[in-house]
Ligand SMILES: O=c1cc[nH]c(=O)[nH]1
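Shown below, as structure tokens, is a lone chain in the form predicted on its own; questions about how it binds or moves come after it.
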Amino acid sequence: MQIHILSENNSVLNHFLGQIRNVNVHNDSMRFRRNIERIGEIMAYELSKELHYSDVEIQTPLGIKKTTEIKDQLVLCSILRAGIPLHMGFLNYFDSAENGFVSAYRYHPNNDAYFEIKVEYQAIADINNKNLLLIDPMLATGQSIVAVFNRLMERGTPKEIHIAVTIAAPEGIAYLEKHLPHNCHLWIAALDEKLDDKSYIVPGLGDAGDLAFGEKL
């Protein structure tokens, strides 16, 4: 697996990452969503450097200009509901991409720390021979991403696989390396320290879905 950690060098990305973590701005859900979207835009730009391009000629009002355009067919697929703002950031840049949405959540059958991943609703474009971008803001244990990936593979075989997350824990990265194909690309905005005893990322930012859309019952 090829791992790309984007916050290792200073850029405006780190500014937005700091804001989404800051408890003093967590009461502004619109600002949180917009900052996640901005992070998605930055990640899309960086990811675009790994795509394939075709040479084209563009007619301008004054002549012909040779340039390049994206050759790959892209399918963006996010995990509901937390993935929507990050998805929109990618879609702002890859505006001709097809899209998909899958629900996945932690189910605690014994009301304790143990959980299983439930994958339910899914609406996804054809992924055969296309570049699949699987989008989820938080990579904690990695189980949700792997469960969704396995479900998607029942529907087709993509040409390339990219996983994009805002914040990742080392445990989640190790889980993906063990369970996903070796030729995957993993794009990480920020790498954090560890998981706590409830499998939440530390220092993390809290619950991305609740911060974006309000607390759930």
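Start at 1 with the first residue shown and count on from there. Model, not experiment: these values are computed from the prediction.
The discussion below concerns the form predicted together with the named molecule, not included here.
Proximity of Ala208 to the named molecule in the model of the complex falls within the 4.5 Å heavy atom cutoff. For Cys77, no non-hydrogen atom is located within 4.5 Å of the named molecule in the model of the complex, even though that partner is not displayed. The named molecule is not shown here, and in the model of the complex it never comes within 4.5 Å of any heavy atom of Lys71. For Ser11, no non-hydrogen atom is located within 4.5 Å of the named molecule in the model of the complex, even though that partner is not displayed. With contact defined as any non-hydrogen atom lying within 4.5 angstroms of the named molecule in the model of the complex, the contacting residues in 113 to 148 are Met138, Ala140, given in sequence order.
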